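Below sits a lone chain in structure tokens, taken as the form predicted on its own.
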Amino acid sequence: MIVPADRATGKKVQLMATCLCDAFFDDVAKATVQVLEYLGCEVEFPEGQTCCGQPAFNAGDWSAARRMVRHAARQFTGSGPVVLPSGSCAAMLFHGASLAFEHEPDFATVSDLAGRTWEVLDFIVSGLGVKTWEGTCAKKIAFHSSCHLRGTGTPAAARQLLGSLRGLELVGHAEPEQCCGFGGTFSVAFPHVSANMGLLKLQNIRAAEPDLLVAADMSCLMHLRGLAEKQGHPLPVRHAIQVLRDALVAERKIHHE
């Protein structure tokens, strides 16, 4: 995974909420705004935003992916950071898009967007310099580090912030680098392989007996939660940004309706 060395930082940010926030995880987008505003950021939300282009990119339809990335570049203008509550979508913009546009005439425009794109937890730690988090979370948490986080600062940032919460215990589990099996279009093309990979992941996570499964990618959480529910043994899941927001609410630092 190639991550731009010099990415824009600042207190005025643009939020890309991602398709999964729009369809299934609206509270993750809300929590992202609440946390960033608590940290003093001014959050803008370009209303014309759509998809990052990853599904088309992964399916090999780079022409369609380029159209989506070009649209994103037109929406997220300026020089400030673009922040996403998704390691997967962030990786598409700062890595996948650069590959797709390597020999395109508008590479410079896409490269500029790539250099301003952050996953939110990495942005909090590496961009804003926040190293610890206020609040209490008296839970045992298993953190799933999704495949798209490899080579990025997000896993370390997530563990640093979560681990600083009072009462929170980060529990390890077997094969922590193992894929959950979702893989976007992979789960559609190879549903049985995808499900079996997910069930193995669930088995390893459950063996650690966590109260909560936490990740920085909603796609992984959706996949694992769905498999657990289908088994008849639901597993509570939260995005890491929700855990940070909930800790602030518990400390009455912010209000959550």
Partner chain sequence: MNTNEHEFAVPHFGQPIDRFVATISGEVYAAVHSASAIKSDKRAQLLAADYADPLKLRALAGQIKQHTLDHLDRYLPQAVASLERNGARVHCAADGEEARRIIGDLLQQRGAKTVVKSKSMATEEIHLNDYLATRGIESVETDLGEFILQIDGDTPSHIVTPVVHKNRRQIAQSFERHGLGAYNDEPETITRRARRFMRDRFLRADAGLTGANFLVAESGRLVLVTNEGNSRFSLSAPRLHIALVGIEKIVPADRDLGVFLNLLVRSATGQQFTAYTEFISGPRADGRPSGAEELHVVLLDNGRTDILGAEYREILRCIRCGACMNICPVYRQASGHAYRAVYPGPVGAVLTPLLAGEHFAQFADLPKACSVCGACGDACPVNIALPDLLLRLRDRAKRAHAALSARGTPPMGGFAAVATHPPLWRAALTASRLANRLPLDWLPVPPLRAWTRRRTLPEFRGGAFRQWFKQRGQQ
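Numbering follows the first chain given and starts at 1. Not measured: the values here are computed from a predicted model.
This protein has a second form, the form predicted in complex with its partner chain, left out of what is shown; the following refers to that one.
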**Request:** Given that the partner is absent here, state which listed stretch (156 to 164, 125 to 133, 141 to 149, 111 to 119) has heavy atoms within 4.5 Å of its partner chain in the predicted bound form.
**Result:** 141 to 149
**Asked** So in the predicted bound form, does Glu169 come within 4.5 Å of its partner chain, heavy atom to heavy atom?
**Response** no
**Asked** For Leu15, is any heavy atom within 4.5 Å of its partner chain in the predicted bound form, or not?
**Response** yes
**Prompt:** Heavy atom to heavy atom, is Glu209 within 4.5 Å of its partner chain in the predicted bound form?
**Reply:** no
**Message:** Can you work out whether Gly40 and its partner chain are in contact in the predicted bound form, taking contact to mean some heavy atom pair no more than 4.5 Å apart?
**Reply:** no
**Contacts with its partner chain in the predicted bound form, stretch 54 to 69 (heavy atom within 4.5 Å)** = Pro55, Ala56, Phe57, Asn58, Ala59, Gly60, Asp61, Trp62, Ala64, Arg67, Met68
